[in-house]
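Structure 1 and structure 2, given next as structure tokens, are two forms of the same protein chain, each shown alone.
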Structure 1
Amino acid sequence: MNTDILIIGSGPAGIQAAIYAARRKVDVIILGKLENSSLAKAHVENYFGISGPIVGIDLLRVGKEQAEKFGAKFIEEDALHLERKDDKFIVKTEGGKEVESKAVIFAMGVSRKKLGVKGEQQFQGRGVSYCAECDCGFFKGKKVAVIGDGSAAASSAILLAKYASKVYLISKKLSTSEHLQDELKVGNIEIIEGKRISEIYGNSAVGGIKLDGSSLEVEGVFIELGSKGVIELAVNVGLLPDPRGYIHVNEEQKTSVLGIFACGDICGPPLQLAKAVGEGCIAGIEAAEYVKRISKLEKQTV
């Protein structure tokens, strides 16, 4: 699939960027799941023009319809991988799709990475890991657990199954693409759904986890909540977030990498709806201008 602008993230920042870009007559594809936006569960009272509390998911749904009306195309899947190919960017989705784009707008928001259970902090670096790609090699032939409900957990379990002897994928309710579900059908992956993890235990390193009272012996616990985060997606294209995980942009929402823009919570505080849509507006306009400019240059050189 080809497009002019690919927006990763369909919260208020991404959708607002899609609306502005699509109205400028460039092709726009937007990835992500509305219900994973921070706004989905919010009751908003401090946004201009809204006085009584309004439910976030309703705002998102209307926003999506607006963007679609102007021609933006939604793919309700997570991005798993981003890379540069010549002057374009290629993103791979959890559904196995490949989208090639001239410009990319990061609008993934910020998401919780920590589980918040007993033992998690204590065993960080001693069996508790937040990065399967980084640490898979240390668990060759060992039993591990992956915790999470989304595409990050599923793709991590698939990777870890190549190293570990056994991978337990522990999830409240797994919600990911069919493509990933198929890939999860590997002999040494066992999916455990509907159980709550209450503790990570061990002595000097992780020994196991407590699941609804019963224990499961593992040496590694990979906490992979939600979707692939900004760092995993950004480094391949040479973009490094600051230590807090935020992306730096200039007043045109441009990042340090040509062709990549960012907007919303991902750019840092205040983590507020009004700021997210404001930045989304600028990112949409600037990305469209950028794409038109390089398209013109391409035509001139042909």
Structure 2
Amino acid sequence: MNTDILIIGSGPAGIQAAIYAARRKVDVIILGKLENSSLAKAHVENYFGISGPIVGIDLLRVGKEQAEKFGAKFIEEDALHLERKDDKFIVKTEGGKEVESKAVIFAMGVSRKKLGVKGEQQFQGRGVSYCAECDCGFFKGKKVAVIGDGSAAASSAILLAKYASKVYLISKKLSTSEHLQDELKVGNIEIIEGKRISEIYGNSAVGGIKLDGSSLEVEGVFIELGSKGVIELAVNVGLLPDPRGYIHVNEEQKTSVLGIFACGDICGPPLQLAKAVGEGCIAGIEAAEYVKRISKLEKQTV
């Protein structure tokens, strides 16, 4: 599947970027699920033109319809992996799709989700991780646990199974694609559903977790509560977020990597709808102009 611009994230920033890019007659694909946006369950009354309050999901649905009217295509799947191949970007989705694009816009917001259990903060960086792609190499031959219910947790468990001796995937109720469910069927992954983690314990590093009265001895705990975040997706293309997880951009929403743009909460505070929409507008325009320039150069070299 090929496109000019791939937008990762279907919140207000990503949808606004899709509207502006598609209006400039370039091919646009946007990945993500509306209900995963932090706006979806919010009540809005401080945004221009909204007397409010209005439920965020209603705004997102209208925005999606606008983007589709101008030609943008939505794929309601999470992005799992991003890599660069020559002068193109390739994104793999939870459903096994591959999308090749000339430019990428990061608009997936920021993770506000912590597990919130005893020991989580204490052992962060000492066995507790929020990025399997970053830290998998430290757990060769060890037992680890992955906590989460969706595609991020499933894909992290699959990756970690290539390094760890045993992977426990702990979920209230696992909900992911058939493609990922098939990939989870390997010998060293054990899925534990319906149990709640209450504590991460250890001495100088993680030694285990407590689960509803029982315990598991593990040396790593990977917390994956949602879709893949910017750190996991950016690690393979040389884009480094700051220590807070934000991406630095210039006034044209360009990142330090040619062909990658970013907008919305992922670029830092204030984490507000108005800022996200404004930055999405700029990112969509600049990404469209970028792909038009490189397409023109490609034609001239043929």
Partner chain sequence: MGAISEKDKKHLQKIFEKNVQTGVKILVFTQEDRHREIKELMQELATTSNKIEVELYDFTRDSEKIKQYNIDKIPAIAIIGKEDYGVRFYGIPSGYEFSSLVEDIIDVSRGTTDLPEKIRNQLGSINKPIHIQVFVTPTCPYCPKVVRLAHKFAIENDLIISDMIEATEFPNLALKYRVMSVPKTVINEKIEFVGALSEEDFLEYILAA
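Keep in mind that this is a model prediction, so the values were computed, not measured. Residues are numbered by position in structure 1's sequence, first residue being 1. Superpose the two forms; the largest set of C-alphas matching within 1.5 Å is the rigid core.
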Form predicted alone - which displayed structure it is: 2
Taking 2 Å as the cut-off, check whether the CA of residue 93 shifts that much or more between structure 1 and structure 2 after a rigid core fit. no
On a rigid core superposition, would residue 140 pass a 2 Å threshold for CA movement between structure 1 and structure 2? yes
So with the core overlaid, does the Cα of residue 190 end up 2 Å or more away between structure 1 and structure 2? yes
With the two forms matched on the core, what distance in Å separates the two CA positions of residue 129 between structure 1 and structure 2? 3.1
What is the magnitude, in angstrom, of the C-alpha shift at residue 205 between structure 1 and structure 2 when the rigid core serves as the superposition reference? 5.3
